[in-house]
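We begin with a single chain expressed as structure tokens, specifically the form predicted alone.
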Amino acid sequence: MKIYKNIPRSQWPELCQRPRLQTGDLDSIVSEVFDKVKTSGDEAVKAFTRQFDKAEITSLTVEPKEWKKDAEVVLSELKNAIFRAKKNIETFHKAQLSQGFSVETEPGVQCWQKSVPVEKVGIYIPGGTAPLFSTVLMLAVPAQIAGCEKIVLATPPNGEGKIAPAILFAAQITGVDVVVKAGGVQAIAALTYGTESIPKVDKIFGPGNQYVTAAKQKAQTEGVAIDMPAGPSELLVIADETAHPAFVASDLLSQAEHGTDSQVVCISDSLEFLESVNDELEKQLQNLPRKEIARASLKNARFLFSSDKIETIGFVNAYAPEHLIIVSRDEEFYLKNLKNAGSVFLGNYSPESAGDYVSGTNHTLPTGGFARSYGSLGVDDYVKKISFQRISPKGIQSLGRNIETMAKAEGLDAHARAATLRLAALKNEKL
């Protein structure tokens, strides 16, 4: 692994670049799929599933009998782990619930706010090389807690047109209403427009590859909201000699095995430590079933030597990682100065995979530098904050002249008149 040493800031933009797969004309592919799904509905979704996923399906949704039967085959040990993860995710996300508030901004002017759930949500669960049943928990549990009326899950089928049993089991225990056997751009398009079998939703959640991310951005232009740009996985580790090289290497590989477009970065103030991590990577890589994917991903990796902790945290904030692990004697300094990260793991015994599965935090996080403007997925993403106000006669008498003055200054006379008429009516009442 090449080690970059004390990199000047002029090189940071280059080192912050994420890998890009060769996708051809991504936007035109997304537009074509959206257009066909919009006009041809179910048939278009089936055709694209045949083309992209090599799966022939007769029904786009999982029948209740099939759902129950397939979910039952999940081994007890895995079911118990899923239940435990669900409990911890519920605990963490229930703490996020807002009770709203009410405040009198001045006498006669009462303002308040309350949270109202998004009615219909679509949750996208990546399939491909690793069906992510854990993502069902991360997306459906906060939707349940928020009180969303309908949860529609979409995920790619396997070659036999089936959905992974663990995904169906997780969906069963988290209140999912509909499971759609479709993935990729066609699934996002179906959730955006609705088809004969697939309900249209108000907001789409979930990570995916570059096609899915582009499709979600297209959905926004069609009036359907999305959670965040959540693309290929990434991890940045700050570690000094207090860290265990084997632990750090295992964390780097846990992200590298997601896909060939994943990226991992390790920063240390010790060249010897970085060499040790590199040796561990080679050693552990040999035993991974997904070693070819991980090895291809490691071609995108960055190993940085930085002897200046101010420069280190500066680079971290510039990179804005999805996942950040800090194992350092200077932990307090890094936490105090950290500005941009999706989810943070502290110390030798906090593997990133704990957050992926069972600690309770959400693993749906901003990638590609979007941690500069987005945060971790949570209950707030499933609700709308509606504001209310009630103004008494005394209140409008107090505010009225200010409304008139400000509206006229902006050239909006009708705005001013809405206050003027009320002031005049109150004056006449007194007479």
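The first residue of the sequence shown is number 1, and the count goes up from there. Heads up, when I say rigid core I mean the largest set of C-alphas that superpose within 1.5 Å between the two forms. Note that the structure is a prediction, hence the values are computed from the model and not measured.
Beyond what is shown, the protein has a form predicted in complex with a further copy of the same chain; the following relates to that form.
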item: Which of 43-51, 365-373, 29-37, 56-64 lines the interface with a further copy of the same chain in the model of the complex (heavy atom within 4.5 Å); value: 365-373
item: Partner proximity in the model of the complex: C16 to a further copy of the same chain, non-hydrogen atom cutoff 4.5 Å; value: no
item: In the model of the complex, L253 touching a further copy of the same chain (heavy atom, 4.5 Å); value: yes
item: Contact label in the model of the complex: E77 to a further copy of the same chain, heavy atom within 4.5 Å; value: yes
item: 4.5 Å heavy atom contact, G159 and a further copy of the same chain in the model of the complex; value: no
item: a further copy of the same chain: the contacting residue among Q144, N88, N300, S276 in the model of the complex [heavy atom, 4.5 Å]; value: N88
item: Sole residue of E292, D177, E282, E149 within 4.5 Å of a further copy of the same chain in the model of the complex, by heavy atom; value: E149
item: T105, V118 and L399 all contacting a further copy of the same chain in the model of the complex, non-hydrogen atom within 4.5 Å; value: yes
item: a further copy of the same chain in the model of the complex - contacting residues of 387-406, heavy atom within 4.5 Å; value: S387, F388, Q389, R390, I391, S392, P393, I396, S398, L399, N402, I403, T405, M406
item: Core-aligned CA displacement of S376 at least 2 Å between this form and the one not shown; value: no
